[in-house]
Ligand SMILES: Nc1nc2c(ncn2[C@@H]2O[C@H](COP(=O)(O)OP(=O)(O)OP(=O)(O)O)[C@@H](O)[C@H]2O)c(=O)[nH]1
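Here's a solo chain for you in structure tokens, the form predicted on its own.
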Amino acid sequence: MLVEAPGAGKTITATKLAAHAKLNGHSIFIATTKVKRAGGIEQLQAFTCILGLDLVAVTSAKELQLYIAQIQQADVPIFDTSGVNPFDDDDMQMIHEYALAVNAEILFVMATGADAMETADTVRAFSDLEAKRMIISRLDMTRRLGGILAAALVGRIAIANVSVNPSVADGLSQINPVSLAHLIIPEDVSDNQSRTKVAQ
């Protein structure tokens, strides 16, 4: 279950995960809770249509539970949630209820480039929801990466994958201490070349 503060790139992340799973022959269940915000569902609908996937739209945790059999049968269940205010108790409770309804892992999507302390506070809030891993988005658009380290350290949350470009076909990239070091301190190469190394 992908969660974020608004605008972190969660929907494109969901699409990248779905595309990767589809290309590897996995069965996919994909659902969204973005039914109330104008235009919230259309982007994901367009991508799932291209991938030949049925998109399920739900408005409550109880409604999501109706699909529990399909969720359990899928190799890769993906839940795209509406962006939430991490400092609003009602928003966070709603996410918690969705996750509990289907026993989903909460995976935090964080956009790079924000103030390190603000980012750390945000990650701490999602960590309180028992998020253990996060996906870093927009690495191709950011030069200041201190927020990533602050977030991971303060929130005690692991970095699962990163997004180094906006292309759905290129998917997400794995990251390790060496590739993260290349991003932070390039070895006499341009920033773009450094970011390419992560994807290799």
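Note that residue numbering follows the sequence shown and begins at 1. It should be emphasised that the depicted structure is a prediction, and the values quoted were computed from it without experimental measurement.
Absent from the display: the form predicted together with this ligand. The rest refers to it.
Hey, in the predicted complex, does residue 141 get a heavy atom within 4.5 angstroms of this ligand? Taking the distances in the predicted complex, the answer for residue 141 is yes, it comes within 4.5 Å of this ligand.
Looking in the predicted complex, any heavy atom of residue 165 within 4.5 Å of this ligand? Taking the distances in the predicted complex, the answer for residue 165 is yes, it comes within 4.5 Å of this ligand.
Is residue 173 close enough to this ligand in the predicted complex to count, meaning some heavy atom within 4.5 Å? Flag for residue 173 set to no.
Is the gap between residue 83 and this ligand in the predicted complex 4.5 Å or less for some heavy atom pair? Yes, residue 83 lies within 4.5 Å of this ligand in the predicted complex.
Each of 146, 149 and 155 having a non-hydrogen atom within 4.5 Å of this ligand in the predicted complex: is that the case here? Checked in the predicted complex: no contact with this ligand for any of the three.
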